[in-house]
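Just one chain follows, in the form predicted alone, and it is written as structure tokens.
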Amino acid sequence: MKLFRFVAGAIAAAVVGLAAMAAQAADPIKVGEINSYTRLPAFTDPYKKGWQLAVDEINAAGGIKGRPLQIIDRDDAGKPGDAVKIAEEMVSKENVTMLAGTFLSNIGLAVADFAKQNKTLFLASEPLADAIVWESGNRYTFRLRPSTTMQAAMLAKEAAKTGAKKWATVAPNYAYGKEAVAAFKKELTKLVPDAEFVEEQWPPVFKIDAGPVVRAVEAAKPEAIFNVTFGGDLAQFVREGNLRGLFEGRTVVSLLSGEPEYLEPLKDEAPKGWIVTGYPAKDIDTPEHKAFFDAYMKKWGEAPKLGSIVGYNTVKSIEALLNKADKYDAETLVETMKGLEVPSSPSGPFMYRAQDHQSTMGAWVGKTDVKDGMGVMVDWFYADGADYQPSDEEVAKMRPAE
């Protein structure tokens, strides 16, 4: 019996090894990945590490139908024009099967338009603008992360519980910021009809002058603040607000501010008690997340961030798509992507809705705190994206016909 088990184990190992070798010998399946790597490294560096981990795991297990998966990544430097030029080169010269990635919403929208004009499948990993799958949605574009409206609805539900009615908003002056404020207003007033918004501040993205912004909000005397700044803008807003006591005795609801990319750099200056969407990486105890967390730690020597989850889930989506599709032309991939299920991921199972091409991936919602000199998320829960999406009737009114 021991000999039988030994031989069986050796055969199994040999089969896996041969499959991996065959995958390496076969022509790779190329995917073009475009992102703002030099412009937004706090998010895109862990994002890249996440998708690299997923690619390594796939290829070590034999690839996609015996072929290795190859991600060809390029840096758009945060410029829509550069992103479109890169997309053109990837499709015409690199012969990629599909496109993926992007971070900023204006870049995501530009690549989505390219995908439509050139009939190329595009999986938008990170950009949150609703328009990507709704008002400007098209047959060839799908989106992974929960949209601005979805996350705003998650936060509005928690904000309504605070009893605050007099609000101010602070958001970057571009598509994502404008949509976030509009969505939060819409969702909050559904729950609190007499809520009012007494002040709006629209600093340019990545160029906030926090002093005047904080003074203007303080002068309006709101009971609560809805914040949409992120990255360096968030850090400046928090520090100036702390200095002037803006947040004392006020409810603050803040989109994305629980993500380690933005929370950890604040260290002991991180705000306490803000209601946020984010990622409590070290506290999630599902088997799928534990396996991802341990593998990420082993490969990179650091804990994953929210970007890591987005990168990993992007490639897991691509894996599910390519394994299911019987051909890899754009039209077959699009039809296969509609209703595609990704049964296992660090954030749990999700699928891509046929009616609007939006995934049901959710987000973690909780509050900020400081522990051991570091900003963290506490009192959190996972909000399933499927519970915060518009109805088919609403989608039909917003989304152009294919």
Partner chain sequence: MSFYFAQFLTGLASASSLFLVACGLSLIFGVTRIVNFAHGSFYMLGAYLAYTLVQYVPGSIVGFWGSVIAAALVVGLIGAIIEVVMLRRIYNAPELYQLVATFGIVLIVQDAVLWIFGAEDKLGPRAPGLDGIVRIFGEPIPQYDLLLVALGPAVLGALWLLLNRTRWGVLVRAATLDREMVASLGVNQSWLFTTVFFLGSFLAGLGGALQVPRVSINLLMDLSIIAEAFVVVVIGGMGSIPGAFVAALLIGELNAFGVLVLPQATIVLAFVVMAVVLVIRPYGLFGKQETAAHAAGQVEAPIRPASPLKRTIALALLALLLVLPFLMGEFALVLATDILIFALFAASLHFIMGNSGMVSFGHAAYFALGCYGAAFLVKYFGGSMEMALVAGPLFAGLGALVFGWFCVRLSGVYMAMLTLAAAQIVWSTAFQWQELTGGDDGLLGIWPSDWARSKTAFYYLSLALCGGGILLLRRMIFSPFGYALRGGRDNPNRTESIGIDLRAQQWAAFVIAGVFAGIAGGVYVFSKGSIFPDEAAIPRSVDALVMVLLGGVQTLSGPIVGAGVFRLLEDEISRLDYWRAILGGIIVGIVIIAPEGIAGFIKRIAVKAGLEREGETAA
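Please read these numbers as outputs of a predicted model, since none were measured by experiment. Numbering follows the first chain given and starts at 1.
Separately, the form predicted together with the partner chain exists; it is not shown, and the next lines address it.
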Heavy atom within 4.5 Å of the partner chain in the predicted complex: which of G249, P212, P193, P287? P212
Given that the partner chain is left out here, which of K327, K282, K93, K298 has a heavy atom within 4.5 Å of it in the predicted complex? K93
Partner contact for P41 in the predicted complex: the partner chain, 4.5 angstroms, heavy atom: yes
The partner chain contact in the predicted complex: G163, any heavy atom under 4.5 Å: no
At 4.5 Å between heavy atoms, is V84 in contact with the partner chain in the predicted complex? yes
Hey, in the predicted complex, does N313 get a heavy atom within 4.5 angstroms of the partner chain? no
Would you point out which of 290-298, 319-327, 264-272, 145-153 contains residues with a non-hydrogen atom within 4.5 Å of the partner chain in the predicted complex? 264-272
Considering only 175-200, what residues come within 4.5 Å of the partner chain in the predicted complex, judged by heavy atoms? A175, K178
